[in-house]
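First, one chain by itself: the form predicted alone, in structure tokens.
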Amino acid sequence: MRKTCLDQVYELAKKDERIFFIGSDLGFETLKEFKKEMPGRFFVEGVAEANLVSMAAGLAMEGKIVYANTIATFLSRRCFEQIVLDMGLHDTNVRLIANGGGLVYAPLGPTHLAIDDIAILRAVPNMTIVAPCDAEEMKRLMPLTVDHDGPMYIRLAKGGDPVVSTGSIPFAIGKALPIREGKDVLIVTTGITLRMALQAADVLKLEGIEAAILHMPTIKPLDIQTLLHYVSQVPGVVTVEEHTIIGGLGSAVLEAVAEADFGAAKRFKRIGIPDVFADHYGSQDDLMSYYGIDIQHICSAAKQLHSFRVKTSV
């Protein structure tokens, strides 16, 4: 997914002279064609990420569209003040490309696990947050980022993830994507969790439970209208994210549902990382399973909500 994203930046830059790229601590071969063909618009700032963000914001204030790329934890935590005051306050057209969203860098331990980046950046006014589910969805996103107004955080997965998205559903920044219809429970996803939700829905169908799936590649601004339409049709909602359950997708969905005027309360379950430091080591898949972000736990949560509905309707 990262290669697809950066390749798109290169292709877009060839067509639009407003586009600049700034990297930090990147591999030597990263975007070498961009550097060779457009050296005046290509910078590698070095291991000083706060300066990278301020530099990007400054270029954007001069009318440039800047794509800045480094590790997600460095952007969201180390550069928070610069993101708020330089990018956000001035509503600049900077696109932060964040490597390793979620548990991608599991072997490197908690310092590199971007499990709170969405929560951090949701609090920044003017910030758009997107998390595509695969490389093909990334291809549909990137051309739309050029003329999007204001700062944006693009959360990248590991790369090589199976393609589960479809071009038959119109893609737009700020819009939820209805993936599957169902009347018993709604599963809301973002990023790579769409894949496991689709697999879980297949399992649930065999057990007589019809699960709807609503994919939200844009977490902020949240498509509340579409969300509430689908929530209104089911008794329970399961959110699935590769992120702490505090302040991320689950929190955003809960906030919207809590403020809606539903006659009866909706049952709810957030699947994600609990309120802990993710201090376990292993692969990304190891940690996903350890924290219950998998097909088994999605199915279990959906069945629990469905069971409650059956009991209360008897």
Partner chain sequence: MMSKDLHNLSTPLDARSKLLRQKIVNVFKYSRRGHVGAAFSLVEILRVLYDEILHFDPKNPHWNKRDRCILSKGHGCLALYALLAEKGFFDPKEMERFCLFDGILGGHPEHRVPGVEASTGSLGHGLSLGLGMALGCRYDKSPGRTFVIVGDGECNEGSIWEAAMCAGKHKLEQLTVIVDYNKHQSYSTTLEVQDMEPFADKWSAFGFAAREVDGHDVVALKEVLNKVPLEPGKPTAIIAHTIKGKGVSFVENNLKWHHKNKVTDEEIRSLLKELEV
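Residue numbers count along the first chain shown, from 1. Given the structure is predicted, the values throughout are model-derived calculations rather than measurements.
Note that the form predicted together with the partner chain isn't included here; everything after this is about it.
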- Message: Residues 51, 81 and 89 are flagged as a possible site; in the predicted bound form, is every one of them within 4.5 Å of the partner chain by some non-hydrogen atom?
- Response: yes
- Task: With heavy atoms only and a cut-off of 4.5 Å, decide whether residue 11 touches the partner chain in the predicted bound form.
- Result: no
- Do residue 268 and the partner chain share at least one heavy atom pair within 4.5 Å in the predicted bound form? no
- Message: Since only the chain is shown here, I'm wondering whether residue 40 would be in contact with the partner chain in the predicted bound form (any heavy atom pair within 4.5 Å).
- Response: yes
- So, in the predicted bound form, is residue 258 in contact with the partner chain at a 4.5 angstroms heavy atom limit? no
- Item | Per-stretch contact check against the partner chain in the predicted bound form, the hit in 258-266, 59-67, 278-286, 244-252 (non-hydrogen atom, 4.5 angstroms) | 59-67
- Message: Counting any non-hydrogen atom inside 4.5 Å, which residue from 172, 85, 163, 123 sits next to the partner chain in the predicted bound form?
- Response: 85
